[in-house]
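Here you'll find one protein chain in two forms, each presented separately as structure tokens under the names structure 1 and structure 2.
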Structure 1
């Protein structure tokens, strides 16, 4: 049943809220009670003057009666019903449910969103506790220091005839270890601290770094110019609270230093004027790798380009989302992305025109290339990292003769049908 066809249900609901009897309303608008009854049960279409009269009597806009069942609310309920065993017959009546019981429908949708948020939080915490190497290292640090203090203290207590130089030595060791234990315990508590609300829970070191980079618009001119060292920038960054985040951020800034030494920003901007955004020519001109040029271009705020890198396992190492192209924070990204097509093919570049959703007009030209990481080791496959530059294409510059491929962000929020790369069902209804 279409949304317009449920106008009668909304009339009935509104009339009951106002405490108006069906016969009274019918008399006021000059129709029979039986005809109004048919309207209210969606068995007669209604529009024009009669709709306006009823709306006036019910003290609402006519549009409220015809368009009240919002698309977003219906979509939220479809999402809530996904995988819960709700029959298709009842799912087909979701619009009627929304029209007749908007408050209950809204409550259900809000509750479902809250459950989803809590599930994400649990998954994040579970992932951190189970797999986070930083957490494992922090725990190991605390345990090692405690073990050292325990061993040394035992010697001091049990050996009554300990030579003075050994006693002094062990006292000094306990002093230094206890300081270390205090610092490492504090760091561990800070890592696990959940008292600061949801934001603190969901803030992994990687997310802290991303927030730090976003706050700086991914651009660090003072570091590029050599006026500030990465370590000093990190010390002054109040939003980098954990040791792990600071290490990751410093490593990222060191890469910026290395990249900017090869491709100075002023030179890059000058060559952009001459060569245009031709990655191959730019890389050739500066004699650097394609990913290096991509990173440099993505650090120019006014160009508005996004960037994502992944290692050979498919884990996303760096994300710079741009409007219309959201890079997932949790879970895996779309396997159709060119980013994954170049993996293991260092030097190979792929350029594809991509549309993330068929319902938006935003189109992106994506360039992907891989590069080797570290030096070669005999009989050991080289590690590679793939980088993808995401360039928004202005709506006036979209060439309809160039193939545009539809891809997703991640399977869960992608409605692409019959996709060979799908790992899990989408939560989106077909109207998306």
Structure 2
């Protein structure tokens, strides 16, 4: 049913909300109850004076009854239905459902968004709890201190003939260790629950750099223009507190300087108007590598593209996440990503359409390419880095003839079954 034909459903919904009987409304506007029934079931078109009379009786503007159902709300409901086995016949009636029951439709859409948000939270927490070095150090501190207290207490209990001065020393050790345990436990609680106010979270260098880049929207026009040097930008960055974070950030900014020298932002924006985001044509136009063009495109805020870089060890060196595409901070990423498929093929580009979660219709076109780092050395394995550009695809631009592959961000939070690349059970699956 077309959205234009749902005026009757809106009339019926509004009448029920007001507690008006169908026969009473028909009598007030001068038509038969049977004819109004046909209108409310979208079997008769309505307009002109009759529509104005009904709108007046229902105390709404006529446009409220004739306007299309909210496109965004319909899209959200279709997204919620994805992967749940809802038949195509039922999906075709989603517009009617929105028109007749707008409050229920909105509730379902909001619930779906909450589910998606919780999935993203699970991904982040799983990544952090599993691999965060700060958390590992805190837990180790708590366990080692508890073991020390336990060992000292055992000596005091088992040795009844312990001399007084040794007993005093052991008591002092227990007192010291218990204070240390209380402090480390307090810090651990604060790390896991920053809202508790018990202690502040100590960010890792990578987290500091990511916060620094995100605060600047991954865009540094002053540095690209040569008005500010990377070292000066780092000195003025209050959110870069550790030496490691400053070194990592400065290395990233130096790469921006090198990339902008080859592809100026103004020239890139001009070519985007002509060529569009065609990586191969843009790389050919500027005579640069594909990863260089990927990095430049990811630094254009209005494009909303994500980026991830990895080396041959599989470590993720750089990550710029975008909504719907979670990139692990510490753990291993999905081995099926194009990022890892191009690692040994410098200069080759792979394009794949990926859907991260089965609970959302969000689709991404991912482009991956690898490049050699540094100079070649005889009898020495070359250093290679792979870069993947993540481009969100609008729902209206999805070509149904192109295969969309379902993947996860990491095995522990991927519910995809029978995956050849799975390395461990998913905490979202029955096998866990």
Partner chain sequence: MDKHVLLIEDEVNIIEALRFLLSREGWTVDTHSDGASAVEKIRNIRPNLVILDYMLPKYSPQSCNP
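Quick caveat: nothing in here was measured; it's all calculated off a predicted structure. Only the largest set of C-alpha atoms that superpose within 1.5 Å between the two forms is called the rigid core. Positions refer to the first chain, counted from 1.
> Looking at both, which one would you say is the form predicted together with the partner chain?
Replying inline: Answer 1, the form predicted together with the partner chain.
> Any CA movement of 2 Å or more for residue 232 between structures 1 and 2, core superposed?
Replying inline: No, the C-alpha moves less than 2 Å.
> Superposing on the rigid core, do we see a C-alpha displacement of 2 Å or more at residue 241 between structures 1 and 2?
Replying inline: Shift at residue 241: below 2 Å after core fit.
>> For a quick test of reading the superposition: does residue 47 move by 2 Å or more at the CA between structures 1 and 2, rigid core aligned?
In response: Yes, the C-alpha position differs by at least 2 Å between structures 1 and 2.
>> When the rigid core is overlaid, by how much has the CA of residue 32 moved between structures 1 and 2, in Å to one decimal?
In response: A shift of 44.0 Å.
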